Structure formats: C-alpha cells, structure tokens
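In structure tokens, one chain follows: the form predicted on its own.
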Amino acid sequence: MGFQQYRFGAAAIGLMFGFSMCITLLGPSNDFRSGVSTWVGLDKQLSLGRVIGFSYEDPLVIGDGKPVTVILDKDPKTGATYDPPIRAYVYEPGIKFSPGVNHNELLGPGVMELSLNTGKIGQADMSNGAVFTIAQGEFNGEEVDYIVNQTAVSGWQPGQVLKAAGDENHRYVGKGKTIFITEGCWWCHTLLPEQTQDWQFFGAPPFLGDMNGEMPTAFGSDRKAPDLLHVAARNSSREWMTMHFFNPRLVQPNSIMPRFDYLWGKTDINGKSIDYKKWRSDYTAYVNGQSIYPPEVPEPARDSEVRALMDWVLTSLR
C-alpha cells in the first residue's frame, strides 16, 4: 500500500509539473504568435537567420550558416538610387531562412498576410537562396512593416546583390551575435532596459513585436556593465569600438571588461601578422608614462570575429 501511495504521488507530481511547463511554454508562445512584428523584429530575424547558438548547421557555434546583411544605395538590377540606403538580407543557397519566412504565423496578423500576398515570401526557395527586404504597407487601415522576397518580386539574386553592395557594405550580423553569446558578453551586459530611470540612459525597453522570430533573445542574466540594446544610438563610432574591444582601458581607464584582442586572429586587414606580445609591452610602457601615445590598434581583417561582432553591435543595436 505504501509503495502504491508513493507511486501515485510521484505520478501526480509529474502531471502537475508537466501541466505547469505547458503553461510556461505554450502561454508565451501564443502571445508571440498573436503579436505583430515590428520593423525591429523583422530586421532582427532576417539578419540573424534561423537560430543563433548550437544547431546542426552550426555545431561548433562559430557563426556559420548565417545570412549577410548588406547596405544598398542603389538597385542591384536597375541601378536606381536609394536615398536613404536600404538594408537587404542575403541568404545564399543552402542557408536556412528565418523563422518568420519558414513559419509565417510568427509574423503576426497583417504582417503575415502582406508578406505572403505582396512580398511573396512563400515562393522563397532555400536551395536557390533568396534576398529579402522590409517594406511598409497597409492592413485594415493600419500601417505595418512586412517582408519582401526580392528574388521573386524583383529578380534579385544573392550573388548579384553581394557583388553590387561591395564588401565594405556587408554586415555579418548573425555571426556577430553568435560571438556575443559564446564569449559570455551577456553575463555583464543586458539587452533589456527596464521601465525605470533606464529610459534616461539606455533608451526604451523593447516591444513584444521586436522579438518575434528572434532565437534566442539574449536578454542577459545580470547587469554589471551598461545595457547594450540601443548602444549604437549612443555611440556609432567603429574606431571607438575597435579600440574598446582590443583593450577597453584605451577608452575607459577604469573599465573592468576583459580584453578581446584575440578575436582579431593572427593577421590584420592587410594580412600582416599581429604581434600581441609587443603591443602589450608597448601599452605597459604607455601606462607607466614611458610613452606619450598608446600603441596603434591593428585594423581587423574582413573575416575576423571582431569585425562580425562590431557589425552586430553597430547594425542591430540601435
């Protein structure tokens, strides 16, 4: 009898636990599905791709299998000028599409209908790749942003768009957020200003529609350093970011942030080997007053991890 009581009790606890987990998981999921994606939410998911973190397309979590965000000042097919420039999200053949393209209901009412009917995202073919942009339209008398499959609508091809933009206008946003997560930046930096005096310093908290299709949100677990959600609106200098990531003490003498100079790799943008030992020796001499100027920070190579990290910070965190 005693055994049966324990067995029934364990089963009851298991059922209660399972029910509570269903509420915990399904409730927010339904909220997200009913929310309307904002421009920010569409930009995030299109620039990040299917998922950030461990996945079968990126098993080593190094930022593989991600789209490339490009800044276009002219139409890659007609040559028409864009003023201001627009963002395009290039998915080369084989790159997994973002959640909103694969699961249209995540886009929310209005955004889904316009994206399917006007933007033709249902015609996107992963095996051939696709190029997406964000447009604005009207649904039930309200203006909403939606996704446009420019490959189907305008005939843009991934390789054509990448070439037209040029490397200087490529932004490796998805890889950059991957590095933010794998380097543990979220241990100190949050991506969630609170509805308090934070508004004065870090900007407004995000809306529900800002996170539709973003996986993961990476809000952070604690704040030991400034919130970064709108950091590029406060400081958009790539030169400052370069010095800050190489050695934070170059721009903030009392910073407790560790150096991330190893994200530069072995060579700089010109293919020249980076002598880290000499740089640190020269920096020590500068700190001790033996040199007037600090050593120059090498410019990152185009395929370096730090370039991708800065691309994410300066492009997505506005």
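This one's a predicted model, so the numbers in the text were calculated from it and none came from an experiment. Just count from 1 along the sequence shown to find any residue number.
Absent from the display: the form predicted in complex with a small molecule. The rest refers to it.
For the three residues 183, 226 and 256, a heavy atom within 4.5 Å of the small molecule turns up in the predicted complex in every case. For the options 116, 243, 152, 231, the one in contact with the small molecule in the predicted complex, meaning a heavy atom within 4.5 Å, is 231. Of the residues 218, 162, 188, 135, just one reaches the small molecule in the predicted complex with a heavy atom at 4.5 Å or closer; this is 188. Among residues of the shown chain, residue 260 is one whose heavy atoms approach the small molecule to within 4.5 Å in the predicted complex.
Not displayed here, the small molecule is approached by residue 309 to within 4.5 Å at the level of heavy atoms in the predicted complex. Although the partner is absent from this view, residue 55 stays clear of the small molecule in the predicted complex, with no non-hydrogen atom inside 4.5 angstroms. Put simply, residue 252 is close to the small molecule in the predicted complex: some heavy atom of it is within 4.5 Å.
Look at 123-131, 232-240, 100-108, 77-85: in the predicted complex, residues with non-hydrogen atoms within 4.5 angstroms of the small molecule sit in 232-240.
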